[in-house]
Structures are given as structure tokens and as C-alpha cells.
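Below you will find one chain, with nothing else, as C-alpha cells; this is the form predicted on its own, and questions on how it binds or moves follow later.
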Amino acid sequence: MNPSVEALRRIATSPATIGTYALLVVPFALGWFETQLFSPLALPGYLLFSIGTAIGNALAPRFEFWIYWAPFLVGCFGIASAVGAGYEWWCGRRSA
């Protein structure tokens, strides 16, 4: 197997990536579905969603807010993957 594919798979499934993704998405999604479930943990996801909504609204102002969930989820995965790559790099340096 190609080592770069293995590295990408390890980054995508690392605990740091999954934990970061869950931390960004789950608290915000719970608050989205039920307002009583909003907690301070939703702040990072809320900020990302607000920034994405502002950019999306500037580009195409007629979309409804639920449309921005797809770019939000993809953006959160990108941030989580960057955290996971940093974690894998740090683990590689520790073991060397």
C-alpha cells in the first residue's frame, strides 16, 4: 500500500481528528435542534458557522441558513484533519 494513502487514513481516523470534529459539530448541532441544549462548548462551531454564513451570504444572499450546513461540516472536517495531522506529526517526533 502507498505510504501516503496510509498516512491520510491514519490522519482521518486518528482520535485527535475524530475528537476535534465531534467537539466542533456535536454541541452546535444539539443547540441547532433544541435551543435549551446550547452550551458554551458550541461556541467554536457557532463561530465557524457564523463566518461561513457571512461569506456565503455575501456571495449568494438568497440561500437559506440550512444550506450552509454542508460547507460547515466540510470546513470542520478540514480543521479536524489539520489537528489530526499535527497530532500524527507530534507522535512521529516522539517515537523517533
Partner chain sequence: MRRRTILAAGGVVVGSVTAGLASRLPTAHRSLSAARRPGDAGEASTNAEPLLPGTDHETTLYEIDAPRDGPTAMVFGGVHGDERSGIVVARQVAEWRPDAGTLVVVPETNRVAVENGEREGVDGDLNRHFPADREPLTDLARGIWDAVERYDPDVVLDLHRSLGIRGLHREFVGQAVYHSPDARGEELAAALDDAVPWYLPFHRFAASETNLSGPLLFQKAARELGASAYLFETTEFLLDREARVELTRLAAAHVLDMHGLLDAEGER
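Residue numbers count along the first chain shown, from 1. All figures in this text were calculated on a predicted structure; none of them were measured in a lab.
Just so you know, the form predicted in complex with the partner chain exists too; it's not on screen, but the next bit is about it.
Asks: Can you work out whether residue 43 and the partner chain are in contact in the predicted bound form, taking contact to mean some heavy atom pair no more than 4.5 Å apart?
Replies: Residue 43: contacts the partner chain in the predicted bound form.
Asks: Residue 87 versus the partner chain, in the predicted bound form: is there a non-hydrogen atom within 4.5 Å?
Replies: Within the cut-off, so yes.
Asks: Even though the partner isn't displayed, in the predicted bound form is residue 75 close enough to the partner chain, meaning a heavy atom within 4.5 Å?
Replies: So residue 75 does not count as contacting the partner chain.
Asks: I'd like to know if residue 79 sits close to the partner chain in the predicted bound form, meaning any non-hydrogen atom pair within 4.5 angstroms.
Replies: It does not: once the partner chain is placed as it appears in the predicted bound form, residue 79 has no heavy atom within 4.5 Å of it.
Asks: Sequence order please: the residues of 37-63 with a heavy atom within 4.5 Å of the partner chain in the predicted bound form.
Replies: Result: 37, 38, 39, 40, 41, 43, 46, 47, 49, 50, 51, 53, 54, 57, 58, 61, 62.
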